[in-house]
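Shown next as structure tokens: one chain only, the form predicted on its own.
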Amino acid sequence: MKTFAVTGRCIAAPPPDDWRESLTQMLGAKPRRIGTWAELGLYGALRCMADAGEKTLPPDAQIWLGSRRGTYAATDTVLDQLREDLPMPLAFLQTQPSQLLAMLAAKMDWKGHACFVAGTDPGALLRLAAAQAGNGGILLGWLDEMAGGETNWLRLRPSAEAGASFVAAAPDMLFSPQISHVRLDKLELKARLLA
């Protein structure tokens, strides 16, 4: 059984209208050569880290990013370009989900384990991350640029919280602002709610 305290979060589904301006302020310059998917991910991850009061992650922390569709919009653009000729290099790069992870690590001056997983269940992403998490914890993200977009992130730190106040939680509750702790009891996701 692993328990994590939620020490920071960003829940933006959909993100606010001015999210691109906020991202430019966080980065100190307008991002270049990346697509909307990566920009949205950077925005959410950096807001989550700021909420946690951290500028970087410990070396033994991990970044886990999940998405239902991944870089769907960029991939669609590249497929359209392939019908005419070779895809544009920058368009092709935007189809790579790991581009976001590399940019995030560079912004935080962090070296460690970062992983992208395509799927439909944020709870499954947490189970994968928790199985490998060390003392530095996890920066866990769920990202989608379709239908207005969403960039949901949690900064999770290992916790020794005990007690019976944890309740069963559906995977879609993982990013709820009401959750203060998450626990994986075998394969079941449990949560402690804020008072």
Partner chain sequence: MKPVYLSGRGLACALGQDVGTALDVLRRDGVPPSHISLPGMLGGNFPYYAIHSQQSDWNERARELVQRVAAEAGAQQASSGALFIATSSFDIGAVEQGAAKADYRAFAEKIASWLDWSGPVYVISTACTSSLNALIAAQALLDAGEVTEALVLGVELDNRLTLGGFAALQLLSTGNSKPFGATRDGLVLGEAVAALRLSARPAAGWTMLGGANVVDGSQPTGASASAVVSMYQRALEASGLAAEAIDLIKVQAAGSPGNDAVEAQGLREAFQVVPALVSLKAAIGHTMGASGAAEIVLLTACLEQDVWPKYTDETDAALGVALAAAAPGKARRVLATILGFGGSHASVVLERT
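Positions refer to the first chain, counted from 1. Treat the numbers as computed from the prediction; the structure is a model and nothing was measured.
Here the subject shifts to the form predicted together with its partner chain, a form of this protein not shown in this document.
In the predicted complex, its partner chain lies farther than 4.5 Å from every heavy atom of residue 55. For residue 168, no non-hydrogen atom is located within 4.5 Å of its partner chain in the predicted complex, even though that partner is not displayed. Residue contact check for residue 131: one or more of its heavy atoms lie within 4.5 Å of its partner chain in the predicted complex. Its partner chain in the predicted complex is approached by residue 114, whose closest heavy atom lies within 4.5 angstroms of it. When contacts are defined as a non-hydrogen atom within 4.5 Å, all of 82, 87 and 93 contact its partner chain in the predicted complex. Along 94-131, residues 95, 96, 97, 98, 99, 101, 102, 105, 106, 110, 111, 112, 113, 114, 115, 116, 117, 118, 119, 120, 121, 124, 127, 128, 131 each place a heavy atom within 4.5 Å of its partner chain in the predicted complex.
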